[in-house]
Every structure is written in C-alpha cells, then in structure tokens.
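Let's start with one chain on its own, the form predicted on its own, as structure tokens.
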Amino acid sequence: MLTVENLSVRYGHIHAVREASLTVEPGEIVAILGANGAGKSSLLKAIVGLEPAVDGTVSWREQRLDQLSAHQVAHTGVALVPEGRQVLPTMSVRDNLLLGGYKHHAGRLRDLLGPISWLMRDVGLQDRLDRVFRLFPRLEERQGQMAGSLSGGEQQMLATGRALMASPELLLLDEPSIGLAPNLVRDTMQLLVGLRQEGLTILLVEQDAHAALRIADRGYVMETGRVVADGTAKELLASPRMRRAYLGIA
C-alpha cells in the first residue's frame, strides 16, 4: 500500500533522514519509534510532501508521492495529523473540521469560511461531520468554541477529526500522545484501534514506544535518521535493545 525506499531528507548540512525504507500494508497499524531527533517527523513530512526528499522514492498505490506537492498528496487518500496538533486557534471547532474536508468541496476556500448553511446541505459533508462527532462527542459539544480555547486533549481530538474529514485511506499521525495525560494516551490509542477495525490504515510516529507497540502490528526503529531495526510489535517488545533503550525496562 505504502512503500518508502531509500528516502533521504536534508536541512542544509543536517542529514535528518538517511536512506530510510519501510512498507505499510492495507489494514495495518505500523509504528515508527525512536528518540527525539531520530528523524521520525522528517520522514512523515517527506511522505506527505511537506519536506522535499533529496533521494529515494515514496509510492502509494503505485503512484509516486515524492513527485507531488503536499496539496496534491492530500487528494490521494493520505492525511496527516501533525505534531503539535496545529489547529487554527481563532477559528471555531466546526470551521477547523470543515477545512479538513476541503478536498471534497469543488468551490473556493473562502466559500468554506463564509455563511455555511448552504454547505451543510451537502449530504456527504454532513455525514463526515456526523462521523467525527460520533467519534468525538466533546467536539460536537464545543463546535462553536474557538479551537485555541480547547484543552490539549481536545485539540488532539480536533486535529484527528480534521484529518478524518478528508476521508483518508491512510492516516499518518505524528506524536499524538505528546503532552497528554496517561488516560488520554490510552483513549487515543484505542481510537486508532477502532479506526483500523473500520478499515483505515495507520502509520504512527510515537516516542511512547510501549503505548504504540501495544496496538501496532509492526514497527520500525530509527536512530540518527536511519532505520536500525524492524519487526512485529511482539518481536520489538521482546528485544533486549528495545526494552533498554525505548521501553525503560532493564
């Protein structure tokens, strides 16, 4: 489904990703693990076109994503939930969600930001919005509230819901647990399991290796921009190197 081959990303003289390769099969949850600065986020950004790759290829359903711009990638069925959520703080929860469904809207961007009574007659859009509200009832309760006034956990819900409004087949998440209380981390991971059961394929970047491997089918470990290990979640959880370096277990 997704194939990354020998991908490299540079920021000036900094080699952030070095010849990284991975695959994601339909219906899988695949985790990318590693310490801060290992190159995980740069790899995700290169996959979705937010950072140019200096070498290597990214293929999605036999289409070369590395030859597309970020907005073109967004039309291929791939959606990113970025690190730090990056919600639009001075816009309402509902408007943030509507912007996530922009690829389904044939008009202009400013049409989405004006009066939306006519837009809500779009059955497909309303269905997607209803689905997000079923997943995140708190967002429905706060749909008129400014996104910047939400808690960290609520903003993570909003960022995830915004990505789901694009009806992706492949969902990429960059550190969704960062800054969340343990109970919210559990809720986030269980949400991903539920989405996978609905047929969504998930590529998850996460520093909380234990939380990620509890729900993942497979994982890749990155160090200094390189993929240094991979295997099933069970294999990585049992690996002495992983247990010492990433799970905090002697």
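Please read all numbers here as calculations on a predicted model, not as lab measurements. Don't overthink the numbering: it's just position in the shown sequence, from 1.
There is another form of this protein, the form predicted together with a small molecule, and it is not shown here; the text below is about that form.
Within this chain, Glu140 is remote from the site of the small molecule in the predicted bound form, having no heavy atom within 4.5 Å.
Under a 4.5 angstroms non-hydrogen atom cutoff, the small molecule in the predicted bound form has Ser42 among its neighbouring residues. When contacts are judged by a 4.5 Å heavy atom cut-off, Ile14 counts as touching the small molecule in the predicted bound form.
Although the partner is absent here, Ala70 is not a contact residue: none of its heavy atoms lies within 4.5 angstroms of the small molecule in the predicted bound form. None of Leu213, Val221, Ala38, Val48 but one reaches within 4.5 angstroms of the small molecule in the predicted bound form through a heavy atom, and that residue is Ala38. Contact annotation: the small molecule lies within 4.5 Å of heavy atoms from the stretch 28-36 in the predicted bound form, the single such stretch among 181-189, 28-36, 196-204, 54-62.
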